[in-house]
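First comes one chain, alone, set out as structure tokens in the form predicted alone.
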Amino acid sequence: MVYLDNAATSFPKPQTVPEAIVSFMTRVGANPGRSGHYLSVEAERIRYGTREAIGRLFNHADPQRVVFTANVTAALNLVLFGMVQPGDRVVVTGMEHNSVMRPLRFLEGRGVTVTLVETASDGTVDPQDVASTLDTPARLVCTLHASNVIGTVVPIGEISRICRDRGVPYLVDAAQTAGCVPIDLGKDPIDMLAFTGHKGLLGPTGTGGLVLSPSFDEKLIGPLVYGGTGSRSEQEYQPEFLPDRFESGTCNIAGIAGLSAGLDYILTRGLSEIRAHESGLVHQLIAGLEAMEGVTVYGTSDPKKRTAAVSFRIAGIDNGITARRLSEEFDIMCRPGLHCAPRAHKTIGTFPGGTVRLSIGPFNTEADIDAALSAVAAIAGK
């Protein structure tokens, strides 16, 4: 089996990830921050250590400003629904995922204005196009870091500095880049970074979070969930300090233990080595696909400007049929369709049919790419 669906969720995970989950469930099992016994203390040590590991990966100094959520969608919803009010304006790009567009379309019905920054057909975003939209007051700029459809990387560093100069908070959706592409929150003034645990961070599903910069006022975001935090139990009002302000209820601590192991793998192997490995395979894949008659590849061909997600179509063959044949005849896992990002497909001209997406992970090999290319060539030739 060749797994090339890492943009949906990474697989396989490092062996240490399931081991960490099992170890927690069988050795610790307690609720962090809720009790005084040593098992609860150990659970909290694991959770806090995971906050610290996220800080090391993103060059962020304050673990208390790492808020855990169920996934990146929950983190994005926390900001969008907790911060944006009727009459506000939000600036986004033409490549956004439905995790951003669906909340915004709902808020649009409540009086929020959504401004779309048009992008090139390869997904490229010009920071000056973002700047031009800020001549009119905006409540928030929200962009992805890289497209889940075609992998094009957005220059979030430049955009963050434009937003800081204009006094507009900036939210980055790092679902496709956390653990795959370097992100430096110490250098780039990104106010809020939403991440998921089960993709590039190599953790389990049901994990994710939001990293808040030291200069961002967290009180600009209202909690979406109120309740027990294990702190200030004598009060009937939600704590205002981080991370408790946004972490009501028992967290997925077993999942966080697994996420910690995924982070350890990345930090030990080195993000630069993972990036170089995936970029080499992307170059091999794109070159092979572009050499095939009747196959169209979307996005930039420069591996340095993209992640490891590659979308293509075979002329005259339905994308669903291509993906089914890759799975059933060649044992290659991929994803066809619109990838929960219809706005992106409209931008690149593949709506409503979508594309077939092959997405590479840190454990794929050159042999995997050769197998995928041979399979696509066989399908395209029939």
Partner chain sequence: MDEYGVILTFSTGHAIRTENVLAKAGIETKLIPVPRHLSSDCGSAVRIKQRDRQKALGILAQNAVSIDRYEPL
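Numbering follows the first chain given and starts at 1. Computed from a predicted structure; not experimentally measured.
Same protein, other form: the form predicted in complex with the partner chain, not shown, and the subject of what follows.
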- [ ] Using heavy atoms only and a 4.5 Å cut-off, determine which of Pro189, Gly94, Gly230, Pro155 is in contact with the partner chain in the predicted complex.
- [x] Gly230
TODO: Could you check which residue among Tyr226, Phe241, Phe106, Phe81 gets a heavy atom within 4.5 Å of the partner chain in the predicted complex?
DONE: Phe241
TODO: Could you tell me which stretch in 311-319, 34-42, 347-355, 66-74 has residues with non-hydrogen atoms within 4.5 Å of the partner chain in the predicted complex?
DONE: 34-42
Task: Partner contact for Phe58 in the predicted complex: the partner chain, 4.5 angstroms, heavy atom - done: no
Open item on the list: Contact with the partner chain in the predicted complex for Tyr48, defined as at least one heavy atom pair within 4.5 Å: yes or no?
Closed with: yes
Task: Partner contact for Asp62 in the predicted complex: the partner chain, 4.5 angstroms, heavy atom - done: yes
Task: the partner chain contact at Glu236 in the predicted complex, heavy atom, 4.5 Å - done: no
